[in-house]
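Here we start with a single chain on its own, the form predicted alone, put down as structure tokens.
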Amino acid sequence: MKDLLLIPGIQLWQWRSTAKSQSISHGISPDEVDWLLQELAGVNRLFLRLQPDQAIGSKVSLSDLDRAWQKRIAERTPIQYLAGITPWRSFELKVAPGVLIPRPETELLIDFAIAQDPSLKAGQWADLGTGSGAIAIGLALSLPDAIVSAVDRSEEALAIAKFNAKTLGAKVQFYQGDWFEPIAHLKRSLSGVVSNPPYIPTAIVSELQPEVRLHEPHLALDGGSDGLESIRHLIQVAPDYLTSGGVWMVEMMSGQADAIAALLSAQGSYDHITIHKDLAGIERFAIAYRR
């Protein structure tokens, strides 16, 4: 393990106070300063409660810590990318600019999977557009009898997802390619298809907050002219891969529920189509079953 650098406690405390003042003036939560101190520098929680007189062990120098924080201020780099990790469900995931930062609301997809019939939970599942591997890893850890496959176009994203799965001890089979393309051998055998696909209309991507617009991969954000390009494909092709009674689950943005429900109904292979809200009351998920 890399030796810790000793930084005078008073200097680190002064830096923390200055950074918190900067955060407020730039519309950033002051809590991010403490999160960066813990995750990037490895400073323990006791320091955050008590101003210490002694030197504090840090994984990075004070100048490196400040350089990272200034990127947060000046470039609006997400704090998760600066720290290199993000919490999700009961674990932490490595993240980098090559993958979308997993959002808390997406965690509900795992809860929906857990609530499925035992026969489905013990089958084969696919996470399409896996990114950091969050959904696939969540499925593998929550459905111990399932076989989980994860697909992504991005080689960089798959490298991060594989690292996360190995670190967390999650058994996931990874494939590179577009959606169902690399898992053609799984036709008619999937108990569940889960995805958090790109669903933001192209015209809106340029209006997103700078943390998202400037740093997160547009490949994982841009859902085409109406935001439904990828979801249409998933609706159309999934029945070829799902077993009878298999479940289809996707995340979507506010305002898309009626259109997605109509697409599912029109396809003709689904029934029990339902829309579910996230914890903020936003219609966020569509669930349907293969006839």
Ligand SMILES: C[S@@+](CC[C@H](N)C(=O)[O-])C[C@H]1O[C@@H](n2cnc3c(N)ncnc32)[C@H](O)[C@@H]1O
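Given the structure is predicted, the values throughout are model-derived calculations rather than measurements. One-based numbering along the sequence shown.
The form predicted in complex with the named molecule exists for this protein as well; it is not shown, and the discussion that follows is about that form.
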query	finding
The named molecule: the contacting residue among Ile73, Leu208, Leu219, Ala96 in the predicted complex [heavy atom, 4.5 Å]	Leu219
The unique member of Pro201, Gly123, Pro102, Pro78 whose heavy atoms fall within 4.5 Å of the named molecule in the predicted complex	Pro102
Which of 164-172, 184-192, 114-122, 151-159 sits within 4.5 Å of the named molecule in the predicted complex, heavy atom basis	151-159
Any non-hydrogen atom of Gly84 within 4.5 angstroms of the named molecule in the predicted complex	no
The named molecule contact at Asp178 in the predicted complex, heavy atom, 4.5 Å	yes
Gly131: touches the named molecule in the predicted complex, heavy atom cutoff 4.5 angstroms	yes
